[in-house]
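What follows is a pair of forms of the same protein chain, given separately as structure tokens and numbered structure 1 and structure 2.
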Structure 1
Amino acid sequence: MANNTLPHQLAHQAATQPKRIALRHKHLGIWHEQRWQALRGEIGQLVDILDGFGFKRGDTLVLLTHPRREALLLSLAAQWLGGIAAPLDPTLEEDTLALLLTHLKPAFAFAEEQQQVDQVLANSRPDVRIIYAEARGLSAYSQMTLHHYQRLLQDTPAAARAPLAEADQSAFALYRVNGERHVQVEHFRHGELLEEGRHLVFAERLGRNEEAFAARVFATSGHLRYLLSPWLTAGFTLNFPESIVTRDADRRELGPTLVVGTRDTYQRLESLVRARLPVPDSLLGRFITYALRPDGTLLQRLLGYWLVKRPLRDVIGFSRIRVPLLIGPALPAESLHFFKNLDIHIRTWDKIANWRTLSTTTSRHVPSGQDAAADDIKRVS
């Protein structure tokens, strides 16, 4: 299908359910909502902005940020013009990020705040165009290629144009550094992502009323396949926390029905629940063991749900969870059993990665300490 792309799917949602909530994000403690029609309008503005910067078909927009709506909208705008979005996780080690940015040499980038702006400026081409979200600390920067996201929108009128993306084009490119300090890449085509999104929507019976939670940056294949694509396919609401620090409190406040997490995510949530549990041999501890027996009586099950399971699920914001998905490495059996006792049935959804190692000259191989020592030995001998 010629229109089997992420931008075409967003345009479809804006046309068929313009007034339903597409995104919800928290800023300064207040939740803000954006409907599909308004979302389509803002992306149209971003398309014109990128086009004015000289962004064209085949170009790559690098995004260095924690989860936030601006990065998602810019990704779709870049894809609208036939380009590729390349999200990088800002929590990576500084030397790893420097290697990736040096390899990519972006001409166009989105950076969350001053720290990310500095990283892009230090490891990119001199004329890189950087759009940033948070202006704090950047007022003294003299680079003419730095642009504040909100200020750009204020200066750009609303516009609409047909997407240039095609189904067999790459929508996203994920980059990483392997153990040998070589850059690797994995590409994801529009048609591939939407096909897998539809598969998940059908298998998990996802609908427009789902509330999904985006607590991690879209820099993993699982989050692209099983969160971003289903959002555009089913047309439900995607929620962004205010920051990575407030994500647990924001999740508790929302009570999402769909969560996509890694092993680290679920083990961290498990530790939050376990921290609330009493000592097993105490009176309260024995009551919890009694109430959570899977073969218990009706009274036990009722007590277990209202007095134990429901409060503990609320601790991690899983009071309404319906589809908890695991991507990446598997959870230990003990952790799966722990969540199952709380009526949280985690399902694994993931595919084998298809990373391609780039050549040494292309990836600008940076030797590790062991590599350097080995080279010294060779030179001495």
Structure 2
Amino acid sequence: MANNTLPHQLAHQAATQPKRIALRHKHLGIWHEQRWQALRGEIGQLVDILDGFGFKRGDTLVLLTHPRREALLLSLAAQWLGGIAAPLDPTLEEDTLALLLTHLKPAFAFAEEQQQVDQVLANSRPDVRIIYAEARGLSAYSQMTLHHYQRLLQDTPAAARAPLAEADQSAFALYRVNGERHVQVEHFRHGELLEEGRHLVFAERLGRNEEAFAARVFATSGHLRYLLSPWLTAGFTLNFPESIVTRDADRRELGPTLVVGTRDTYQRLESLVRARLPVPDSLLGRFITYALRPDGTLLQRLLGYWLVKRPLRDVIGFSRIRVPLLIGPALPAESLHFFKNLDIHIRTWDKIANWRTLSTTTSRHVPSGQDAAADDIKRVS
């Protein structure tokens, strides 16, 4: 299928459901919504902008940022032109990032704010084109190759051209440094990603009414396969929190129906809840233990549902959850049990990663600890 690419999918959604909400992000205290049509319009502008920078088929756009809508849109714009998006996790250690950036030598990059801009500038070719989202602290920078995202958009008229991407092209490239400090890469082709996404959409019966929550950057294969791709395939709404520190409150406000989390995501939530539940020995604590006993009487189960499970699910923002997905390493049985007790049945989805090491002359598959763990994962489908 020639049109089996992420940009084509986006164009398709914009054409078939232009007025539905594609993206929602919290900014300056309220949620801002963007419809598919407007989304496509903005990406059209970005395509022109990247094209104007000389971004060509096969070029790589490096993205160094926390989860933001701008990064997502720019990735799609880069792919639109037949390029590759390479998201890097900004929470990585300084020298790891430096190693990755030195290796990548980006010609085009998106950096969230001053800190990331500095990191890119320090480790890239001098003529790197950088688009940044937050202008704070950057006005004193004299580089002509620095561009503010919003200002670029303002200066660019709306345009629409057909996507140049092809199904067997790479859409994303994920880079990492392994234990021996070698840079490794994994490529994801459009067709592959969409295939995986469709698989999930079908199996979990995801529809256009889902509200997905993206608190993590799209820097793992799982997020690409099981969040980004289904979003474009099923055409639901993708939601971004205001910031990483407000994600719990934001999730509660939003009440997502689809969450794609890693082991860390769920374990953090679990420990947060455990730390804040009443002490088991206290009166309330004993009541909660009593009410949550799975083999309880009808009364027990009623109490447990109305006084513990239901409110607790709401507090952690899981009251509307339909599809809680786990990607990457498996969750300990205890944690799975903890969530199951709250009627949150976490499903595991993953595919063994296919990392290629780049820093050495020969490319080879290097199974890492993470991959080994991934081997044990039962496919639930």
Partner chain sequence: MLYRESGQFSTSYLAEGRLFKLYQQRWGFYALLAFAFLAVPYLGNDYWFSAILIPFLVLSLAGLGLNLLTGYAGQISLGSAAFMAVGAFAAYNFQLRIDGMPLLLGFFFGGVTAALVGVVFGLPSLRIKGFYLLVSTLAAQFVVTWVLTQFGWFSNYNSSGVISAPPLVILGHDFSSPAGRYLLTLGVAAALFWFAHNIVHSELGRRWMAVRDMDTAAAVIGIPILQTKLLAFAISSFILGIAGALWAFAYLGTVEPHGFDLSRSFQILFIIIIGGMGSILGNFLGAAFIVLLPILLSNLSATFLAGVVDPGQLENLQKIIFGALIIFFLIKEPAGLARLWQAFRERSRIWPLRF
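Residue positions are counted from 1 along structure 1's sequence. If you superpose the two forms and keep the largest set of C-alpha atoms that fall within 1.5 Å, you have the rigid core. Everything numeric here is computed off the predicted structure, so don't read it as measured data.
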Study note, to complete from the structure: Between structures 1 and 2, the form predicted alone corresponds to structure 1
Point to revise | Per-residue C-alpha change between the two structures, Ser282, threshold 2 Å, rigid core fit | key: yes
